[in-house]
Ligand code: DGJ
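Given next, in structure tokens, is a single chain: the form predicted on its own.
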Amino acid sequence: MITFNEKTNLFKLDTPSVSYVMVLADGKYLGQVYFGKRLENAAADLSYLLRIDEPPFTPSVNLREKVSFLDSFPMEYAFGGTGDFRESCIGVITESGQEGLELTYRSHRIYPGKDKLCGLPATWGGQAETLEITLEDAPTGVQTILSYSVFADSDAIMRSVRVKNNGTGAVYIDRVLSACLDIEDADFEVLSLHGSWARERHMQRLPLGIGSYVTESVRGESSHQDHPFLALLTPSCTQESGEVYAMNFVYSGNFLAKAQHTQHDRVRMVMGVHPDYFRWKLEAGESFQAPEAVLVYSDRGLGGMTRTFHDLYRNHLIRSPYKDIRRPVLINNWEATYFDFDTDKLLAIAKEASALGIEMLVMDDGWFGHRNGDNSSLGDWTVNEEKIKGGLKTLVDGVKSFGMKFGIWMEPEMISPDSELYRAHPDWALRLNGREPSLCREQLVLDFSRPEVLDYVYGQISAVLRSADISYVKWDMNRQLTDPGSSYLPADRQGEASHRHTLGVYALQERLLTEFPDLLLENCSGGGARFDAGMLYYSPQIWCSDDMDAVERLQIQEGTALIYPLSAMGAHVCCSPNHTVGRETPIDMRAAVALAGTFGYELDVTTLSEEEKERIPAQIARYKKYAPLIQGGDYYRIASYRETHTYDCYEIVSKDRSEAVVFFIQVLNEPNRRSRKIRLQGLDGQAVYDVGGKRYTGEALMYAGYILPRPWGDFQPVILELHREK
């Protein structure tokens, strides 16, 4: 899968359908020459693509124009300060206060397998091969070890960078990005994901002109507002055709993703930890490991990109024992009760829910300290027995008596000023010297750079989990990081606080899952502010958004499913009218939309009408029926409500193409319209499929289309099952 041609100085990485090629110019400058459809001839010399036989030539030929060379060469890992004025991947400040590097080739190695990244989430698994290329800046002794991994069953390229200080004195890293892609412009458009609380990951597609396009977060999390994903698309790119070059970051903190269209009609795309609020002191002999970035090329449109990401993350990122099994159908009490609950209310919900086939009760915020609102007690993870009469075990045993499992909500990273913990340890909160820290949701952020904070938090969490039979934890984070100052770190390491917070989250979750390996962990951050690949390494599902309105969820879930498997999307059937937008929708539509994810309920089941209660067992049965397909099948986007403004449609096809399910959601009906024709995808063209008792060939359904009768009314779901005849 990975080769090096000593004669041509060419590195070549091959996946089943894609090749990635780099060449050494002058024997020392690592240049990027190709990323695209697989090249079968391993001996092909692509060095001509570097254009080093034309001005400004290489420094060995034309030293007087070295700056022009550095500013036009397609650097595999860009450096600045010595002649390349484009976006740089690395910045290092020496003890003398100077910065500027010239990274040149020193060595490489190719080895089977893929090493773990110390303290960081990353892809894993067998049938892998890895290339490491060491570049060095001779005057400072700074080395960058570029790592590239490929899996035999994936078309993705995994990239990461380790910076090592081989000099004699300390240096400060103030920029270290994880991936750089430098390619010829093709009138690219950029695709990114944006939003805000309750409307995360809306897709945005724009032309990329001369200059730079940036998506970023400096909020201490991947964020509601932006997402660590960026793609370049050819102008004609659709779901089924066109070229895509995409990057996704396996990280949950501050990030930068940038596409820069330069003077010579090249595009440099980079991704990594955001340089703002980041400076890492590296003593002599020490190394810093940057997070992993995933690169995907598709010549089969956005759908091809999506399915590559889905398969990679299902097979090589998610580790949970739940990743390949059906998740329990849960009911969460948050929108049913908010903070107004006690043992009796929760047991009443559990009793009614269990009778309808729901399998788990999750107790949300408000069970600890003296918390009856969102203004106290974070950090005091002891049960409020005025609410939970008899203690947590009594409640859990009561829920289990109905044949249900039990789950619990926590927010371990936060601390309330009104808490016993804050009164004892105000220095455990992040704060800037001489300033009152800014409140958000009347809470502060714990300083996860402090080992004693991590130990305390873990002790509190684990004590709760050991006290009763708890199967599930919802780990929440309801505010961004501000005031990134630590009373623990010395002055010359204050720039490490934000990154150390993210590393602390990873360390705690790793520790939690090591002690409780069968725990179902669901990450959350005020909804979907930390729905990213880094979190998927620890939890097989992430809460997609606090907005559960079925109409709003169509755009949120479309943007999420662009990259992440459906089985990772936390999705519930909510109250009607919806608590976020006030919209009323039928329970069958709410359930159909929630089927695209993990499926559960977030409402007071004791107050539903008898008609609504009667619908729930059938909804659960449908979820159980489709769960294997949703968890392991190929996802195809047929139509987008974002574009049609009236309906949404997607399809999931089993890997062997023997069955499929199509979800069609009519949001708004229209007068005087005929039935709709939809063209399915991913089927066996020569096979015959049964669709609702009628027989169609696969090619007829894909090329000619299927006629779908128009439902009567707004907010109407239609679900089609396809079964291949034997």
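Here the structure is a predicted model, which is why all the values come from computation and not from measurement. Numbering starts at 1 and runs along the sequence shown.
Separately, the form predicted in complex with the named molecule exists; it is not shown, and the next lines address it.
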Can you pick the one in 365, 651, 137, 84 that has a heavy atom within 4.5 Å of the named molecule in the model of the complex? 365
Position in contact with the named molecule when the complex is considered in the model of the complex, options 191, 273, 524, 181, heavy atoms within 4.5 Å: 524
In the model of the complex, does residue 624 have a heavy atom within 4.5 Å of the named molecule? no
Is residue 306 a contact residue for the named molecule in the model of the complex, using a 4.5 Å heavy atom cut-off? no
Is residue 164 close enough to the named molecule in the model of the complex to count, meaning some heavy atom within 4.5 Å? no
is_contact(residue 585, the named molecule) in the model of the complex, heavy atom dist at most 4.5 Å: no
If contact means a heavy atom within 4.5 Å, which one of 524 to 532, 643 to 651, 573 to 581, 68 to 76 is the stretch that engages the named molecule in the model of the complex? 524 to 532
Across 385 to 413, the residues having a non-hydrogen atom within 4.5 Å of the named molecule in the model of the complex turn out to be 409
